[in-house]
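The chain below stands alone and is given in structure tokens; this is the form predicted on its own.
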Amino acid sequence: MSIEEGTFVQKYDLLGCIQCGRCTGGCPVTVRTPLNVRRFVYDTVDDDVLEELSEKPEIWDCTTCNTCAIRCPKGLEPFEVLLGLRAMRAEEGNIEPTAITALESMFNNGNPWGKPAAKRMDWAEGLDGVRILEEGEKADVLLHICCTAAYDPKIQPFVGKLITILNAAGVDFGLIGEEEKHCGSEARRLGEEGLFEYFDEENTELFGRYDVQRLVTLSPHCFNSFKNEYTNLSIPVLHYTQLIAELIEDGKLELSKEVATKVVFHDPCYLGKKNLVFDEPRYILSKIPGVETTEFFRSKERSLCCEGGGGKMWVESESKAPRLAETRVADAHDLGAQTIAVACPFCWLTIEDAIKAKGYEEEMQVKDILELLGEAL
């Protein structure tokens, strides 16, 4: 929404803010950037300074991890103010070239990675049990792969693991195929509200072509958008950890092989702090033979963001301080963990980079829960 369509005060209920500062006090990126969320909430009450505020580089430091919303005693979502300022910049085309390239690719190719739609199913080459649904075809589960998992060669193997797991459990599932599109989550985080609305409409119509009972996502970011931000989507939405926990609990998935490793689970912000899915990933890990689990001091609602969300994969922070993912890796090292388990493609990529940056490659690895499950089958 532009300034002409309504003020920030109305859109974000800014007068409800009591200026307690808990948003800034809890914000994980304040330790490495100049971002002061409370100050932005206070200053944006004055429409006359919005243009000036939108030019501040620290609006791009926010990872939209939801910590400020969790801590707000008035139930506000302070980070949304920063997204509003980003939207002002995006309307003017005044954003980072890398972000512009990603947004253009979302519109033209249905993904932010500059890859052609015709290559979206390349991950499935050589895999058995991959079923592309026809219009009107029935299935219990419609599986949404996500752009990063579909195109990134490091993440693509996780999709194969998920396909194998679902087939082993006898799940009736199908996929969209090359017509699958970006969920729009990162479009909105980069300030392109109109593009997000486009994906909302396109994907809602696309999902409606199939006779399915539930939509299951690989990415927590897709999960959050479909579940909480789409306006007319009527299909129940699950993250894959929720479905697999259900399969294990119902005795449909047998994990027989031992996976001997000490694991600490990193809660993805968009799965945990955004949607309060904390128990299912831990339940799955507890059922893998041989896995010893430990916990981060900052876990669940207090989990430390990896800095992969909020469009940060396409906008680099000006700060040269170590990334939060490196702090996360150091904490895992102090715990004696051999494996950092994740359930999000962005978390996997940022933590893998952090392990390399810290020089812990010989001592530690990051694995998606799907990888661990694949070893246990």
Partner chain sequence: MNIVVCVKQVPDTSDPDTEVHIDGTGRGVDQSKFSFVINDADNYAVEEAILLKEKHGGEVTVVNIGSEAANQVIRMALAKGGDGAIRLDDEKFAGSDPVALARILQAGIKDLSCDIVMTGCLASDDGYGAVGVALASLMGLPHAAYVKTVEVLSDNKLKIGRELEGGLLEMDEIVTPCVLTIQTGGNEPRYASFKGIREASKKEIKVMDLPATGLSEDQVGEAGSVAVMVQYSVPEVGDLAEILEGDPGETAGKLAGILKDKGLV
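Numbering follows the first chain given and starts at 1. All of these numbers come straight from a predicted model, not from anything done at the bench.
What follows is about the form predicted in complex with the partner chain, which we do not show.
- A heavy atom within 4.5 Å of the partner chain in the predicted complex is found for exactly one of V277, A90, L253, L285: A90.
- Residue in contact with the partner chain in the predicted complex (any heavy atom within 4.5 Å), chosen from I100, I132, L233, A168: I100.
- Per the 4.5 Å heavy atom criterion, the partner chain in the predicted complex is contacted by stretch 115-123, the sole one of 259-267, 293-301, 239-247, 115-123.
- Using a 4.5 angstroms threshold between heavy atoms, N109 counts as touching the partner chain in the predicted complex.
- Although the partner is absent here, V212 sits far enough away that none of its heavy atoms falls within 4.5 Å of the partner chain in the predicted complex.
- In the predicted complex, at least one heavy atom of E192 sits within 4.5 Å of a heavy atom of the partner chain.
- The partner chain is not shown here, but in the predicted complex it comes within 4.5 Å of a heavy atom of I95.
- Three-residue candidate spot D43, D46 and F79; no residue lies within 4.5 angstroms of the partner chain in the predicted complex by any non-hydrogen atom.
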